[in-house]
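Listed next as structure tokens: two forms of one protein chain, kept apart as structure 1 and structure 2.
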Structure 1
């Protein structure tokens, strides 16, 4: 995951390169480090370095890493000729390389030749059954063909071996949410929270899923996780604050007419409301009245 500071840094660097201020290599290294997907920029700046023999030779052995990075970016932008050229260069330099073999498989994927790509990946897996990247490419292959159940099956098999891979748990959760399989998505987020309990995004996502599932118990649990997200982010997370308001309102609707003692105290909702109003007044003052009426419509009279 990328922090806000890292994102701002990256954007600043990108702007600098875009306006002719240099720093293309730094930008490309940063993109590689953060593992973000900015293929159009990577392609543009990467090619400008690769097509200039002087710049290319000044990279030394990093030249090959750049070829790989540009090949992948080219495939993402559907510039398959560029990708093929980069892969050819790498093939000449590293014949019999598994890493280049991976790129060739990805090129088949990019062309839409699903069966050939699958064959290529399976043969690579024969020699190296624990290659995480190839396993993930097979999932991507299934997803690209719209075969979500196969993608899920592959991911689950992968997680049996690599159960600490949090990115994969997140991917699985997102797939489940897109298929409206919320219980399964909740399970994934539970695994993530267990593994990394101080990452507020997992608490937030879990709360969102619980709210979507609905029912009194889930709503009360969602409220708890929105609260922990607020605590972990020092009260700065707008989504969690809104989540509290939604939960309180929904819980109040469900418990209408019940014994007054069972009702939650209204403190939490008023605190969240106050925090939201303060933040909007400071940073988005034109939206304060919309916010006000929205929050009012959420308040259920007890």
Structure 2
């Protein structure tokens, strides 16, 4: 995850290069380090170096890394002729390289040649069944074709081998949510929380899924995870604060006429409401009345 400081530094470098202040290579290196996609800029600045023999030769072995970086950026920008030229240069320099083979598969993807790309990836996996990048490319290939069931199958097979890959667990959870397979998504978020219990985003997403599933037990659990998301963010998670109010309202409807099952509900509800009102007064004072109406419709007030 890119920090605010890193993003500021990247933007400063980009502005410097854009205004003719030099530093294109430093910018490209920093983009690679942060693993961000600014493909239009990478393509522009990368070609400015590759098309200048003097600048290109000064890179030494890093020249080949730049060809790879520009090839990927060119595919993102649908400049497929540029991507092909870069890959051809790499193929001549590294004729047996599996890394170049991945780029060739990606170029087939970019062209929409799904069958040929799948064959290329399967061939690469025969040589190295543990190639994480190729496994993920197959997932991307299935998603690009709208074949979500196949994407889920590929991800599950991948996670059998690389079960500690949090990014892939999150991707699988998001696919399940998009398909309204909420119980499966809940399982994925449980795995993420077990692996990284201090990441508030996972608590929040899990609470959203539990709230969507509904039912008293799920709503009570959702309320707890919204609370943990608030705690982990120092009380500054507006979505989680709304989640507390929504859960409180839904639980009240389900338990109407029964004995009070959550004695702390009014306190937690009033704290969430007060925090929301304070936040809106500070950051969107013109929306305070809208907030009041929304909370009133939930029969929630401070």
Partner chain sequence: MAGGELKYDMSQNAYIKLVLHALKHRSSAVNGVLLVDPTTTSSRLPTLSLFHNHLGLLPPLEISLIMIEEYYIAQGLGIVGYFHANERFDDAELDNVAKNIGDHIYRYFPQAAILLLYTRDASKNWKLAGSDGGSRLILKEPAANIVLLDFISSQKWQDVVDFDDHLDDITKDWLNPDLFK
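Since the model is a prediction, treat every value here as computed from it, not as a measurement. Residue numbers count along the first chain shown, from 1. Rigid core: the largest C-alpha set superposing within 1.5 Å between the two forms.
- Both panels show the same chain in isolation, but it is structure 1 that comes from the form predicted in complex with its partner chain.
- Superposition on the rigid core between structure 1 and structure 2 places the CA atom of residue 94 2 Å or more away from its counterpart.
- Core-superposed comparison between structure 1 and structure 2: CA of residue 11 displaced by 2 Å or more.
- Once you line up the core between structure 1 and structure 2, the Cα of residue 274 stays within less than 2 Å of where it was.
- After superposition on the rigid core, the Cα atom of residue 61 is displaced by 3.4 Å between structure 1 and structure 2.
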